[in-house]
Each structure stands twice: as C-alpha cells, then as structure tokens.
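In the form predicted alone, a lone chain appears below as structure tokens.
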C-alpha cells in the first residue's frame, strides 16, 4: 500500500469538469499529508489531449479506447479497477455527480475498500483523515474517520476550491494499455442528445429569483413571478419544482441543472440542499427567504430573512416597483 492519491477526472469534448479541478486540489493536500504522489486518471479516446490540463497532478495516467468514449459505467469501472488494484492507493477521489455515483460504490467493491459518499469536507487531524458527509439535503453532517488508510471518496461538487487544482505546469504523462475486458462490455455509449435551446440563458443573467418547495403549490408561483418581473429577471426553480413540471428544465438551478453566478441571487423558499447550493454558491450576493431559521441556505446566504415568503415577497415586489418608478 502506498500513500498515493488518485483522482478520476471527468471531461467532455476536451474540457475538464470544474469539479475535477476541485478533486485535484484536495488530492494534492491529501497526497502531501500521506507522503505520496497525486495521480490523475483520464479515460477516453481524447485522454492525451485532456491530460495537458492536469498540471496539478504529479502523474497523469491516460487510457485511450473507443469503449471509454462518452460514459459507460461498466467500461469505466472495469478500466479503473484494472489500474488501481495493483497500485493500492491510499485514496481514490471521485466526484459525486451522476457519473461518479455510478463509479464510486462499484469501484470500492472491486478494490475491497470502504466508500464515503456525499463528502463536503475532508480534514487531516494528527495524521488521521476525517471525511464529513452531508445527508438528508445537508441537514445532517456525519464524520467518518478513515482509520484503515484506504478508501474511495465521492465528493460533492462545489465543496472545494477549484483554483487549487489548476496549474500552468505539467506533470509526467503515463499511457496505460486498455484492459482486455473492455472489448466485451455489455453497454456501449452511442450519442449524447443535447437539450433544446431555451428561451433564456440563466447562466448569463445578473439577477435571478429562484423558488423552492416553500412555494407549496403551482398556483402560488405568480407571487414570485411578480417579483422577478419587477426586477426584470427570469424566474428559476429548484429540481423538485422542475421535476413536477412547474417550470422548464432550462430554469433549473443546481448540480443537475444550470450553474449560475449572478450579481444578485434571491432564494425564495429554498432549503439549501447541497445539490442546489453547488449551482449558485458563487453568486456575488445571495439573499434568502425561508421560514426555517435552521435551513442550510442561510449557511451560504449573505443576507437572510426568517419569515413567511408570502409576507415578504409581495412587500419586496412593491418596494422594487416603487424604487424603479
């Protein structure tokens, strides 16, 4: 067993996902704490092209094979396990994305090591590694001490600084021969069906009003829509409202929706689940309205109002209209 740390890098069309830079930054910290090296794992036909952006890693391991194009869980898990079984790293870092949630548990089983999911923080205390997971929409934090010295960690996007994983330098590149079993994968990636163009690109807006389940009923949406209209911005929503068909997918903010960075972000009736926070935490000013003083949204909000949204929103709308004449 070594003190090395391996990061599974997500990428698409030659571009590395922002969360992978977060993992590389954390991986550097863990590798230094365990006395090992940081390795980046890049799979896919364009692996060598993507490897150039993994300068934070001491070594970037590339595997190029058609079966690794796009994303097929079976093929990726097979290839990752083939590499990591012989190397026995201390930690393998995977993003807690739709892809990572397929990979992390199965990879941990293949390596016969524990897996910790929904990780929002990792601390090194007197040589011990402690991972903190967020459960039940961020309402419960659970600490797990990784006493065995080996684990697969599935980390929440947006929980760690991406800048720490970006480097202008370049580490060593190692090309690995694809696993023989790849040719026999039962599932193959065919194509990605792009979403249709939306009426508005919410990622480019300076002001956004986003509503959550606190709105209670679809018939109550006009209350918040009036505020958005007064501010001259789109009305957005969290995933449960979009899944219910109350607003189109193009208006969904969060990990499985759109990542936004407006100057002003009004979170109305939003609890602040990690999946949502990951998509809006970098807004310049976050203003939250929620009747629950313990709602996680207040942990990231710059300004907060603990009150019934049906009292606050109409009053705020009236004030905005007054100021705008």
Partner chain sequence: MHIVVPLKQSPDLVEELEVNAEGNDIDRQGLKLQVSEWDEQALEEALCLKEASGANVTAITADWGGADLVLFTALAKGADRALKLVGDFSTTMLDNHRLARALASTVEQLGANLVLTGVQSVEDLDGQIPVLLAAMLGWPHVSVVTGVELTADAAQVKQEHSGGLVAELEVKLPAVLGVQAARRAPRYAPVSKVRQMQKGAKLEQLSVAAQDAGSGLKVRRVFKPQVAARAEILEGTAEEIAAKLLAVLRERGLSL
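Numbering follows the first chain given and starts at 1. Here the structure is a predicted model, which means the values were calculated and not measured.
Not on display, but discussed next: the form predicted together with the partner chain.
Highlighted residues 101, 190 and 316: every one comes within 4.5 Å of the partner chain in the predicted bound form, counting any heavy atom. At least one heavy atom of residue 256 is located within 4.5 Å of the partner chain in the predicted bound form. In the predicted bound form, residue 228 stays away from the partner chain, with no heavy atom inside 4.5 Å.
Remark: residue 248 does not count among the residues lining the partner chain in the predicted bound form, judged by a heavy atom distance of 4.5 Å or less.
In the predicted bound form, no heavy atom of residue 42 sits within 4.5 Å of the partner chain.
Just one listed stretch, out of 218-226, 69-77, 174-182, 158-166, contacts the partner chain in the predicted bound form at the 4.5 Å heavy atom level, and that stretch is 69-77.
Contact annotation: of the candidates 82, 120, 146, 111, the single residue with a non-hydrogen atom within 4.5 angstroms of the partner chain in the predicted bound form is 146. In the predicted bound form, the partner chain lies beyond 4.5 angstroms of every heavy atom of every residue of 163-180.
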